[in-house]
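First, one chain by itself in structure tokens, the form predicted alone.
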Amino acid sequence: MKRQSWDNPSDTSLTRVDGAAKVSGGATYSAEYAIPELVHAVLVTSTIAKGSITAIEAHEAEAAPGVLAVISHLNVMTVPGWPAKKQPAERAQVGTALRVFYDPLIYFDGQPVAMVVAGTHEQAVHAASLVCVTYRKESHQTDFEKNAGKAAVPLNVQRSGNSPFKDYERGDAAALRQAEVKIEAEYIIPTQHHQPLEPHAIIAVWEADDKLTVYDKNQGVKSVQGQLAQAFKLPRENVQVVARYVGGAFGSGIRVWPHTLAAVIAAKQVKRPVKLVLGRDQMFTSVGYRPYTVQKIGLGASADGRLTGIVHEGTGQTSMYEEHLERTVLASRALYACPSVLTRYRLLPLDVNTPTWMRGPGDATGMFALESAMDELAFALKMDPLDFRLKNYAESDPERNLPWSAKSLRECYELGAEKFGWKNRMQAPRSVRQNGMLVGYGMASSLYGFHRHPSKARAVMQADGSVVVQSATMDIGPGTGTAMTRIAAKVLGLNAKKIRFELGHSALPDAPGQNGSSTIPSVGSAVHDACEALKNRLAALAGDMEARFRSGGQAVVRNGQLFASEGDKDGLSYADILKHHHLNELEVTGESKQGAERDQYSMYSFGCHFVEVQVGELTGEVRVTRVVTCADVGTIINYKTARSQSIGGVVGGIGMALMEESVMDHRFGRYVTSDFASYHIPVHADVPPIEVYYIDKPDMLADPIGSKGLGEIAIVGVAGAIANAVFNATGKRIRHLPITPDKLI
């Protein structure tokens, strides 16, 4: 593959192409579309964690002003895919997604049990408060620690012969026990919820009995289109999904949730477009979360600091009706050169709603434990934590026995340490005080798998030489449109102002959802290939005009013109080429997908984080005061938006390490954290100076633009680096997040 040249200093980066629309209020989000005859829906949710509904009294609600319907399992109309015949009154088998308004069974507190549809949102809220639901309660189990002994191998793993989550072992199982120096510890990540500023919202519009359009907050319009078409037995082309702007999601929008299906059912039943916006409290029970996870790690090394054995066992929480698996233990197999590694992963079903992917899913959880344990073992060895990692640097993938497609983690370590001033770190805890605060330095590695999915993009050149590029990808905040505009502008030699990138609509060319840090490698490659194909078409048309373009040489583009060679000074403008051929536009579609190289090389993004903290000796207050983060993610397409991605990941890691915890009252199986007052996330005052660096070496084995994913790796390892810095400051090792003052004093 030929490398595309990129210039990455911030002064040559593009400013967000959608920035003006967002800050001026011109961007239209899912709940903001002006649809004629729109009505509003509000969910009524269960107040028990397990049991069944015995009665729903809705007469008073139905008589309230503006109410059009109160929908529940008792009266839901027959909608294709939602049969009137109810399933037997027995609990769904594992692997069955929750079917809203399907039967009287309750699986978790906060489960939708009814929906009020009214003319205004206020009328719907009032009427929902009048719906009286009575239950037959059953004993529920929501306490992870009390039920930990019930964890088991996931059924999905038992059924699959090649699942990455099956038990893994290489080398000598006795290596840890025989190690000259070893540590064994348990690490706990509490339940943490996605809390984007924009809550989940949907407007459902039935345009005919068999045609559906939804304006929905999600991370993949094509996947939502497919799921809704399947659920309601519709031809896929009869379902259109629109999500042009998304106000943050962090994984909560990857799947179709029950509230989305409820809104579609309601719109069908009342024969009006229906809007449903989740309340902040419902964001804790409706759209998943990072699961409560307990990990046990054992690390062993020789006296000179070489790892000899790793044992990593993880147990994650899931619901009683679905299995959600995460990559919690997988990084321990690949990150460090260690001859003997054993990993085990288990799931614990509880009476809770189903977890889902949250930024850096599994890896952010697992790397907190692994990188904390690495710091603990380095301290036991009396080694510098960075030196310890360098001593166990993996020159090839020890899990798959394959060479890396590209790896510059060593350079990340060196650059990050230099910029941070790691050489000034004191090994002994509690060695540094500043302004009455204990000061500590910590660091951690970062690793995240490479994902590239088949993708398509359409490039259409207009008569004036401008280009419209289209793909059904998403932008949940990282600046997808900006990055794709930059790719297209580079390939075509056009000013970015002449490029318009369209996304967020299911009618556009196929693209995967925005998850797994796969958008740039997948969709970016498709945009690259489509624009290359457009350039080749233009060259062929130019050949019909002038002989010099038929010489067989490589055509060159710059400033909206086509040149026969690099030294050619007389170009043909794109507009003139189209005009000569009487074309109003020129359209091509490109498709890009992974080749055989995926089986020949091991592909990852790498990085590291260096953190300084200050801790109040008497109060236990922790402040992150400085961060240096460095990533090896191949080519940096647009430095300005990439930097924002990295900063956002660090901020998320600060929340993960110091603040975020969803607390449940197990007497009722109910979250007591239900708003921003009780669920704490970082605010501006919590964000320190953050320096961002990139190695910026292309990985041309990964894709034609040489770029790998950045979004997840930006948060992976941050919590571990902070915990390690807190230990260096205080001498206290906190293994149960978040690190709050009560754990330090």
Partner chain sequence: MKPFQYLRPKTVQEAISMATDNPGAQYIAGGTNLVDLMKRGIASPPKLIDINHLPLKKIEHRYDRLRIGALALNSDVARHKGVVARQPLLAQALLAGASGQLRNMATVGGNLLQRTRCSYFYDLALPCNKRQPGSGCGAEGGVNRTHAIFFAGNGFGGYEASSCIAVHPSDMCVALTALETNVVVNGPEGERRVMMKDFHRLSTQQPELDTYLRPGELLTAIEVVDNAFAKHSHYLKVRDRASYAFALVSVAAALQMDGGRIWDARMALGGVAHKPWRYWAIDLMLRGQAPSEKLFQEVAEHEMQSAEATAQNAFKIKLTTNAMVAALKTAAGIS
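Numbering follows the first chain given and starts at 1. These numbers come from a predicted model, not from an experiment.
What comes next is about the form predicted together with its partner chain, which is not displayed.
Colleague: Using a 4.5 Å heavy atom cut-off, which stretch among 25-33, 682-690, 50-58, 715-723 contacts its partner chain in the predicted complex?
Modeller: In short, 682-690.
Colleague: Suppose contact means a heavy atom within 4.5 Å; in the predicted complex, does that hold for all of Val125, Val672 and Phe676 with its partner chain?
Modeller: The answer is yes: all three residues contact the partner (heavy atom, 4.5 Å cut-off).
Colleague: Look up in the predicted complex whether Asp665 has a non-hydrogen atom within 4.5 angstroms of its partner chain, and give yes or no.
Modeller: Taking the distances in the predicted complex, the answer for Asp665 is yes, it comes within 4.5 Å of its partner chain.
Colleague: Do Leu618 and its partner chain come within 4.5 Å of each other in the predicted complex, heavy atoms counted?
Modeller: Yes - in the predicted complex, heavy atoms of Leu618 and its partner chain come within 4.5 Å of each other.
Colleague: With heavy atoms only and a cut-off of 4.5 Å, decide whether Arg623 touches its partner chain in the predicted complex.
Modeller: Output for Arg623 is yes: heavy atoms within 4.5 Å of its partner chain.
Colleague: Does any part of Met659 reach within 4.5 Å of its partner chain in the predicted complex? Heavy atoms only, please.
Modeller: Yes, Met659 sits close enough to its partner chain in the predicted complex that at least one of its heavy atoms falls within 4.5 Å.
Colleague: For the stretch 708-745, I need every residue with any heavy atom inside 4.5 Å of its partner chain in the predicted complex, listed N to C.
Modeller: Contacting residues: Thr740, Pro741, Asp742, Ile745.
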